[in-house]
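The chain that follows stands alone, in the form predicted on its own, written as structure tokens.
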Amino acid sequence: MAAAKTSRASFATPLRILTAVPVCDGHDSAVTTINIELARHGLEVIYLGYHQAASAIVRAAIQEDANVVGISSYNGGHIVFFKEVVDQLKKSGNGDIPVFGGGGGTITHGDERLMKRQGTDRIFFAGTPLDDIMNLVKRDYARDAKPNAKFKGDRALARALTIAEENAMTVGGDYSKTSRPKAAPTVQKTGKAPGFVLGVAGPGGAGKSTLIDELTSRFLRSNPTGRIAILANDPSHPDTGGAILGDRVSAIYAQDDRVFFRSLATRGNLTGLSASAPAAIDILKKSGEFDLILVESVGVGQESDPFGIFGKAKKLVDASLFVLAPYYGGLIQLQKIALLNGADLVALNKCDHPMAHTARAEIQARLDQNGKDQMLYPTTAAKHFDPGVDHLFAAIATLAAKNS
């Protein structure tokens, strides 16, 4: 794993677009269609979800260093809502992030004229061909990610991560060459010690994102002044290079200013992480902003080692958590999963499932065979205040304290 392989020789730098549906808008069928089409055209779509407040959209746009924000609105409140998003971006010093949107038949041409005067960049009306939307978005909202001394706080940090992503693409995903990002903007350091880094891996559908969100809630309650960072990795499509980065949909507690959440696309890297992940972790640690840094891999397979815990490359995290759901397919499948040998913590999530009782016994027996005193933490992250998640967070806090 000294040099991570890529599925394509190179990707052009994808345009990153944040999409969302406003508060009181009860469905996302239209924006889902647009998201898929954008990804098919090679864009990285960070989808925030529906029923989103203007403040949540602005926070996400800043932390994701989005090229543009796209809003799908059908509830009739578009004139006020779009203006609020634009105004909050300007007030926070991030007015360079443009806003466009659409709303079927609810946004009239008269509304559009007023919304443009208020700062909305463009409205796409019902009947606009999808290809026209894609071409205009790619033409009008592409930009070079350069250091910008005017950026402060989370935006400066976000731009440093963007540059690290672009640098990683130029060296073909070689971890050794991305551990120190070139030309990254200086991020103001707080003087605090680097935060504890926990890698979270597991197969797709195990509930990693929801579990991370519940762990975030525990952190916020137990650390009234601390900050937490989350690096969420999702796969890029191997054909177009586009991606739908959807982990923010599960991130309820990321709507807190003490949470820094950044989505990363793998961009052809086959390790389960973006090739920029080592540099991104390095940037977050050296900023001194965060007490805890969670790094979520894409859904991994049986031989995966995204964090280098087996010593074949530089270990990227201080500890690792492996998450399984009860429906893993039987004992032989457990025997094949390499990360069960090396994970510091193992969680059996979705323990409200009928197969959970049997799964718990089988996984614990598998861990006992390792002879490493590994504990299994049964969790049901979909339930708020789950005691299993409480126990898991306490174990993470203990590891962090030992590491400090």
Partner chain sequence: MSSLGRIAESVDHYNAHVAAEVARARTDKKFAAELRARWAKVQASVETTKSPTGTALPRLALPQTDEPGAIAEYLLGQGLPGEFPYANAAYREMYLDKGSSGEEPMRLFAGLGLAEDTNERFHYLSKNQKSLRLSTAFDGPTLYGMDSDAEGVLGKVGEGGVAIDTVEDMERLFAGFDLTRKDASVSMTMNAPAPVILAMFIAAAKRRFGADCVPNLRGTIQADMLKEVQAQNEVIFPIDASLRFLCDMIEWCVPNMPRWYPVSISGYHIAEAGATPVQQAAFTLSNGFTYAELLKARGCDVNEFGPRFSFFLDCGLDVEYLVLGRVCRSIWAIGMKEVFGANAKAQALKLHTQTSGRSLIAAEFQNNLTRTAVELMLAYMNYSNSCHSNSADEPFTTPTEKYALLASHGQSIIIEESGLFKHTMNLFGGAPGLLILERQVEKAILDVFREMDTLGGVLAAQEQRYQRSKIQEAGHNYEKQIYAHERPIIGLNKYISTEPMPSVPLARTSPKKQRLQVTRLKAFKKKNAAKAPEALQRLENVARHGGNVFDELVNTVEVCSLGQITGCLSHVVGKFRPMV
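Keep in mind the model is a prediction, meaning the values are calculated, not measured. Positions refer to the first chain, counted from 1.
Same protein, other form: the form predicted in complex with the partner chain, not shown, and the subject of what follows.
The single contact residue among 78, 267, 262, 227, judged by any heavy atom lying within 4.5 Å of the partner chain in the predicted bound form, is 78.
In the predicted bound form, the partner chain lies within 4.5 Å of some heavy atom of residue 210.
Although the partner is absent here, residue 335 is not a contact residue: none of its heavy atoms lies within 4.5 angstroms of the partner chain in the predicted bound form.
At least one heavy atom of residue 22 is located within 4.5 Å of the partner chain in the predicted bound form. Residue 246 belongs to the set of residues with a heavy atom inside 4.5 Å of the partner chain in the predicted bound form. Here the chain stands by itself, but in the predicted bound form one stretch of 219-227, 268-276, 292-300, 104-112, 104-112, has heavy atoms within 4.5 Å of the partner chain. No member of the trio 206, 388 and 404 reaches the partner chain in the predicted bound form with any non-hydrogen atom inside 4.5 Å. Residues of 367-404 lying near the partner chain in the predicted bound form, listed in sequence order, are 381, 384, 385, the criterion being any heavy atom within 4.5 Å.
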